[in-house]
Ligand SMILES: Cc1ncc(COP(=O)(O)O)c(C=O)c1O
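Have a look below at one chain only, the form predicted on its own, in structure tokens format.
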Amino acid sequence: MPASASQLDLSDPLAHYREQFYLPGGRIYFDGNSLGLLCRAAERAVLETLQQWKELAIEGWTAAEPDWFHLTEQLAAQLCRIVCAPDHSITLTGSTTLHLQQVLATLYCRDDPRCSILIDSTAFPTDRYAVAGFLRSQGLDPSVHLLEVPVDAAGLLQEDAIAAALTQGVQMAVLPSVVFTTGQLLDLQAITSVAAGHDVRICWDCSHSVGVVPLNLSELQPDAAIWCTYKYLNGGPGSVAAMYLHPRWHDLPPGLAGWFGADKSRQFRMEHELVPAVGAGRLQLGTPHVLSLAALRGSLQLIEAAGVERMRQKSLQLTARLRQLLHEHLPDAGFVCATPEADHRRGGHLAIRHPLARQLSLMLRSRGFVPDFREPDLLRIAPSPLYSRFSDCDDLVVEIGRILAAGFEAVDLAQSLVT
């Protein structure tokens, strides 16, 4: 007989991390793939930094512990450990969109006769906008040189279709490690290897994988990777994003240059010519966002302590349970699971299609459950391995059943949904 939710919760080795988070009162949270919750370690780190600012003022750049001047490098080292990346191959500065612009500006070669950049047809809008804008800046027409890999009849990307597209005059590819809509996890190693074989420079958008899917960038060896830190890393709304650059490109000048990308030992010489920092640090731009970095510093402590491998194991168990419960208890409710079933093919959230998904999302929120809705018919459910319980999954499916059995009450369909 399968274990009950209460048995699974009692035996959960990560259960004690739940008390480290501020859980929304009266609600069960399933939207950590959009914004992770605040943890106490992040709160402490921000309060400590505010106190440093209060007491040290400008001296905080050198006298704070840790000092603000090297804070980016400290967090980059933490992230290198979390994603198994070589030393000095990660930096943090600004947003994911800015990082993608930096990767394109740094790695795109104007002298290459292959002008096109490949994305997937379901790419997150910011990736599409950034790539299209970059192509225009190069005097190229996105309608010609922005290529898309289509999804199959099930709405999924197929690696063989991506591999075929990489041969069609493509110089660079920007692809998701986990598709933000369906939660599909791609075969990163296979695609990266094919790209390398065709001398196509590949950048993975890992926003929906870092912190919930183990990555080993030292083995994977993409040319670049970018990700936000406010989802599974719980760094806070708009927290500073991260960027990985393969060591093979560490001698390239940054496509976008800023003074915090300078060699730290000579940054305050205010030289007219940039002397770049070692490794990916040269891709930094302006002054670090110290308060945002402080929150991330605290949250990364929990991530490292919990271990992404253990988090992945629980995440898979949670999403598998959700799928099983929906299948067993609501087989005729009209749900179609958009997320692949196999463990090696899904990320950290479960996506289900339903013609009334928007109304269902609103009804669930009004009853104390917080999922996520995406147009036109997708309900995304993201249990966090650090603060979600197996019983939360059971309670969610029971509530969905109640809503469907009672029929949808009048809801304000114009109500804004947090994305």
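When you see a residue number, it is the position in the sequence shown, counting from 1. All figures in this text were calculated on a predicted structure; none of them were measured in a lab.
Beyond the structure shown, there is the form predicted in complex with the ligand, which is absent from this document and is the topic of what follows.
Margin query: If contact means a heavy atom within 4.5 Å, which one of 334-342, 281-289, 121-129, 297-305 is the stretch that engages the ligand in the model of the complex?
Written below: So the stretch in question is 121-129.
Notebook entry, point to check: in the model of the complex, does Asp205 have a heavy atom within 4.5 Å of the ligand?
Noted result: Flag for Asp205 set to yes.
Notebook entry, point to check: Does Thr96 reach the ligand in the model of the complex, with heavy atoms at most 4.5 Å apart?
Noted result: Because a heavy atom of Thr96 falls inside 4.5 Å of the ligand in the model of the complex, the answer is yes.
Margin query: in the model of the complex, does Arg346 come within 4.5 Å of the ligand, counting heavy atoms only?
Written below: No - in the model of the complex, heavy atoms of Arg346 and the ligand never come within 4.5 Å of each other.
Check: Do Cys228 and the ligand share at least one heavy atom pair within 4.5 Å in the model of the complex?
Finding: Cys228: contacts the ligand in the model of the complex.
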